[in-house]
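Consider the single chain below, provided in structure tokens and representing the form predicted on its own.
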């Protein structure tokens, strides 16, 4: 069947020319999933004004206002726009693996970020956390999206991660000593850590990223080895929280996970080696786990071809199965597990492939959708604004063919994308 696709340029022109005029839009569909309420509404209707949902309900009880522009999503299931809590838009999975990254100018990262932002939006992800880049380039990409210059999701930016000398995420661990290559976020001791937090805040980041263990894609770091002392981590958290910013900590190993929770971080990224005590600590302190349980498949299948070091492939093989077991354990225990993919390890735009793994390893379909909508919004302190389809929520909407509550994989093919009332993608039969 022939398809008609409204491209993102249309959405950009619309956003500049019309969205500011407080246009009223009337959206209907066959059904709507309301993850905040955990329910399905048949034959729903939404009234949207100036990018915000003003009324929501069943179409039979909510007629179209006079003069409203209709958006009829016949045969579709409507949902809130999806949220990915862990992406790296400046990286491309097919380029720059291992030492091959040194073949590219640093400025290419900005080009990749612009391309990846559009791919992510078109895949139905209307909000992301960009959880660490080498420099401050993502601030410019975020601002360009916000000002309608390029298409993309709403982006929360961490900027350069803060951590120890020789550590995962903070330092350059590939080059030998004669290059004297040091990462932007390297610090030693609590006061230097505070200074780096202040520097990131000075330049306009939205949250702070640190690393409390080694990682897969850094040379010479151990997954289970803790990084930084509790005092250093506390300094990062204290400085960030004083300024109203949350802190995310990359942590695979149990000691590093517990150190980060003890220090007061808000989210644990990866959370691969979880024991019962770590899960209890997270539940007690209200810490969210963001667990990337899809990307191991891509790394093991494509990593060598993409230039990933054998050391990293070996570490991925070591951690992938354990992380999935920890995911199952955390879900069973009632921990708060949000949707985070580590997109960049696999190609951007394939983020939704993780949903089926989340269902396979312990969540039901509604829980998986909530992890990428209402629960993720809660973790961002945007509850009632993002990840929802009720009055006063941002008009971030997607639609798919089929029912994600019976087949979660339909979220891998999104037919309709709206962000803040602007349609960026609409695919339908002519």
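Positions refer to the first chain, counted from 1. Quantities reported herein were computed from a predicted structural model and do not represent experimental measurements.
Unshown form predicted together with ligand ARG; subsequent notes refer to it.
Taking non-hydrogen atoms only, residue 235 never approaches ligand ARG to within 4.5 angstroms in the predicted complex. Among residues of the shown chain, residue 114 is not one whose heavy atoms approach ligand ARG to within 4.5 Å in the predicted complex. When contacts are judged by a 4.5 Å heavy atom cut-off, residue 71 does not count as touching ligand ARG in the predicted complex. Remark: residue 215 counts among the residues lining ligand ARG in the predicted complex, judged by a heavy atom distance of 4.5 Å or less. Just one of 91, 120, 200, 295 comes within 4.5 Å of ligand ARG in the predicted complex, counting any heavy atom, and that one is 295. This chain is displayed alone, yet in the predicted complex one of 184, 316, 350, 137 has a heavy atom within 4.5 Å of ligand ARG; that residue is 316. Residues placing heavy atoms within 4.5 Å of ligand ARG in the predicted complex fall in a single listed stretch, namely 246-254, out of 188-196, 246-254, 141-149, 355-363. Shown here without ligand ARG, the chain has 342, 345 in 338-365 lying with a heavy atom within 4.5 Å of that partner in the predicted complex.
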